[in-house]
Structures are given as C-alpha cells and as structure tokens.
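So this first bit is one chain, no partners, the form predicted on its own, shown in structure tokens.
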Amino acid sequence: MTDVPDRRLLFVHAHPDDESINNGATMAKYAAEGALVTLVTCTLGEEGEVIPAELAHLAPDRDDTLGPHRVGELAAAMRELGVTDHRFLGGPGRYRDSGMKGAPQNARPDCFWQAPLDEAAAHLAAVVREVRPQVLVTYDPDGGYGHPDHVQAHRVAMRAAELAADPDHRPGAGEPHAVTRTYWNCVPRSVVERGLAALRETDAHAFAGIADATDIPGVVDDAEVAVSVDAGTEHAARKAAAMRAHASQIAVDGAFFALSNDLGQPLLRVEHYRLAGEDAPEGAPVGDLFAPVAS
C-alpha cells in the first residue's frame, strides 16, 4: 500500500450488519478524519433471519441466496459510512454462516465455526501485515452473546494479531506487525437502561415489543468501559443510514431499531469499547481509540 494514513483501524466482524450496529458511528468518524478504516467480515450471513416479507424467498430454507444479497447490503452500508477498504475473510464465501448456537448448521464442514483456527487466522494475519493497523476492534471471548460466529471471530482476531507479529509465521509473506491496542465491543449497562426506558416512554414506535437488557449483546458494568467514542450527530446519522442499508436484517425507527425478533432497542450514537483482556481502567473513559488508556 502507498500513502498509508498515520492512523489505521481494523474491525473484525462475523456477519454483514454487525459492523454498523456495533461500530458504524466510529467507522464513519475515523474515515471522515482521514484514518484508514478496514473491515473484515468473516461470513456472508447466509443463515440470517429475513425481516421483509418481500425478501423471504432469500432464506436458506428457500432460495438460499441471502448471502449474495447481504454482500450488496454491506457494500451499500460501507458507502454510507465512507469506508472504502472492506474484505471478506479468505475471500467472499470462504466461510459460511454457522447459524445460532446449537443449530444443525454449526456442524456444516464449510461453516466458520468449523474452520481450523490457524487457517482462518492466517487469512486475517495477512490483512494485518498489509494494512498495519495500530488498533484492532472485535468481540469479547463470548462474542457478545454466544453466537458461534462471533465467538470464532474473537478467536480468529486474537490469534491473527499473534501470528502477524511473529517473524516465524510465514517469513517473507509481509513484514511482521504488532497491533498496539485491541478493543472489544461493549455497551455500558446504564446506557442500555436509559435507552430502553426512553423507548418505553415512546407510545409511537414500530416494534412488537421492547427488548430487555439481557437481549442486548455485550452489556457490561460501566466501570469496564475504556473508550467511549462520541462521533457526533452527522456520523450518528451515517450509522443509522448504514443500518437501514441492511434492510433484510434490521428495522430502524428513529432513535431505535429491531432485529428479526421485533424487539426495539436503542440505536447508540456513542459507541463503547473495552480493553482486550485487561482489568477495568481507572477514571472516566477516554474518547479516542488511539488515545493512551490508563489501566
């Protein structure tokens, strides 16, 4: 790569739409500021539950064409966020969506959950060596809520960071690179509770019900948050537009959204991050993923 920006971030996600829900405002903010924002998506999301009736034929038990459709949705979302560097792990369709925990699809030999860890991580390590990010963002060890692909994305991201920095890993295949800081997506409990309370006070919303805090992935005690990125109104709007682009999976209604369960939850303008594998930092969260963080 030539003319590489000084600041570089790599986001690793399991399915199309995960990036917009978790990090859309953050990605838009840093991309607009001239940072290199790279997204690696590990599957096409073939096993997702389709929301609009007119797209029901895409489902895996019908035409099984949801994956290619979601590739298009993801491309549209990246245009909304201003992100130009997006890749699928190992190439589009290399790893299939594994379905929810305990589903028969977990056992498919071509699914991401069944991928050998070092094989999948080697694909990502090559990206790390190419784009040389200082910051890596992915899920916590539980994947936020236990989905096999989210758990596997965490494992692959963490292992890829190790392999990319190891001079003995594929010598000659790119210069080794050590990621400076790794973050895990999270949501502070107080933020979730305030957002759900605001939704309960709203009479006019489009959802069948309202989520509980236990329905929302990655909820943590406030003290565990290391970084809170407030991207501002413009980039929050870009996030909402990116989420709308994932129309097969997300229904957006103003400051709230729902997935296929049709339970409303807050669409967060401020996005939050934990330091990977470290104790809760002291003091208030900082506002920049590149800033020093006390721990």
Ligand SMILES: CC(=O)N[C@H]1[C@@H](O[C@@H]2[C@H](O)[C@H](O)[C@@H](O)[C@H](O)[C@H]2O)O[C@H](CO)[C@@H](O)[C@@H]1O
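Source: prediction; values computed, not measured. Numbering starts at 1 and runs along the sequence shown.
A second form of this protein, the form predicted together with the ligand, is not displayed here; the remarks below concern that form.
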query: Heavy atom contact within 4.5 Å of the ligand in the predicted bound form, the stretch among 44-52, 30-38, 266-274, 225-233; finding: 44-52
query: Selected contact from A247, L259, A237, A255, since only one has a non-hydrogen atom within 4.5 angstroms of the ligand in the predicted bound form; finding: L259
query: 4.5 angstroms heavy atom contact with the ligand in the predicted bound form for L9; finding: no
query: Non-hydrogen atom contact H154 with the ligand in the predicted bound form at 4.5 angstroms; finding: no
query: Heavy atom of M100 within 4.5 Å of the ligand in the predicted bound form; finding: yes
query: The ligand contact at F207 in the predicted bound form, heavy atom, 4.5 Å; finding: no
query: In the predicted bound form, residues of 62-92 near the ligand [heavy atom within 4.5 Å]; finding: R70
